[in-house]
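We begin with a single chain expressed as structure tokens, specifically the form predicted on its own.
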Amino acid sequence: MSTIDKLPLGTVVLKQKREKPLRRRHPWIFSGSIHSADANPGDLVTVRSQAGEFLAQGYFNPRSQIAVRILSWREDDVINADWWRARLQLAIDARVELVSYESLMAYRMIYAESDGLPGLIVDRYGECLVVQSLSLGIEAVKPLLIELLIDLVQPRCIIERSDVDARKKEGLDDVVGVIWGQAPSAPFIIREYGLAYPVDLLIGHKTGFYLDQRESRRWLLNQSLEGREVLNAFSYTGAFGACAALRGARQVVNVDSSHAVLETAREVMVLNNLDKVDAEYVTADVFDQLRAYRGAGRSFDLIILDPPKFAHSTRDIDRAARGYKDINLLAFQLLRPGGLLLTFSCSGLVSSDLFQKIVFAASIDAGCPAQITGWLGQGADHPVLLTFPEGQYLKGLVCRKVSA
């Protein structure tokens, strides 16, 4: 087995009065907090105060705004193959009860900082693992991590989907492909709460499927939708639409900008014997299509808004807020009295509080009194470390339109 025992251990010294986040065990050190660094990109480093006090160990990347990602708070920890094995095993073991209880076939097995493994995502799809390496430090030990995952999980295949924007900020190029075993033959089917979904692990969004929305889909499966008309906007491959159809919806309209994913949404309905349900598959810009429905006087009993991330950096927050307000305002206008709006934001930079205020403002501008009847978010396989609130990125509101 490969080893990292001989990697150099550099030193990073923080500026005065910049230790507070570390003392509260936040796992990031931003470049502006560093006084000096004696280390190369990708090195393991000891982080110290200017007085020489040990604070943490992590890996260093001067190219990134997040210059150090913390691995350990113990000075006597040796970050070697045994350390990585133990940390991986902890994350895997933490899901055992969840997977057993829920009979999950697809779930997040390792969730980066929240599992003490900053920059590493591993999703499990049956006997296949999909890995994302999001930081230079993880990239440096990736061969070791793959060996350890093979040994610990014994998967049939491991696929890499390191094709996300975060890698550019780390100075890394995209990497996609099979790195262990053979890719599963198409169509690869996963099952979740009684429904089957075809998944493309090599080119599908995220690692192939929106695993983080599992609990929201289950919420929908617990509703009675007999005779309802449902609009599923930003539908992707139509999972929410299939859930609505299974619960008795009379009509399901899936809207997405990609014709290809809508074809998969058709397959989902056929695969689950739901193709007798009246369904529409509309390839369009969602903003434009919602306005077109408003102009045509169309309305719905349930509207689902699950847009992609609108805010990729702090510079985007104002623009993202405008986007969220626009689509929610349109949705409220299209909603029948008594109807429900399921609205989501997966932008980590948009807080739950801000998102709720945006939806509130949209309801006011739409002249649409509404009640929040539920809150939705990522499942237990996407845990949120209390010292790392950034791990909570997905937030959802269930809103009921009430009479004025």
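The first residue of the shown sequence is 1; numbering continues from there. Here the structure is a predicted model, which is why all the values come from computation and not from measurement.
Omitted here: the form predicted in complex with ligand SAH. The next part is about that form.
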Does each of Phe234, Asp285 and Asp306 have at least one heavy atom within 4.5 Å of ligand SAH in the predicted bound form?
-> yes
Tell me which of 82-90, 106-114, 249-257, 184-192 has residues with heavy atoms within 4.5 angstroms of ligand SAH in the predicted bound form?
-> 249-257
Taking 4.5 Å between heavy atoms as the contact cutoff, choose which of Arg74, Lys168, His205, Arg322 touches ligand SAH in the predicted bound form.
-> His205
The single option of Tyr210, Trp219, Tyr281, Trp180 touching ligand SAH in the predicted bound form, heavy atom within 4.5 Å | Tyr210
Distance check, Phe240 to ligand SAH in the predicted bound form, heavy atom within 4.5 Å | yes
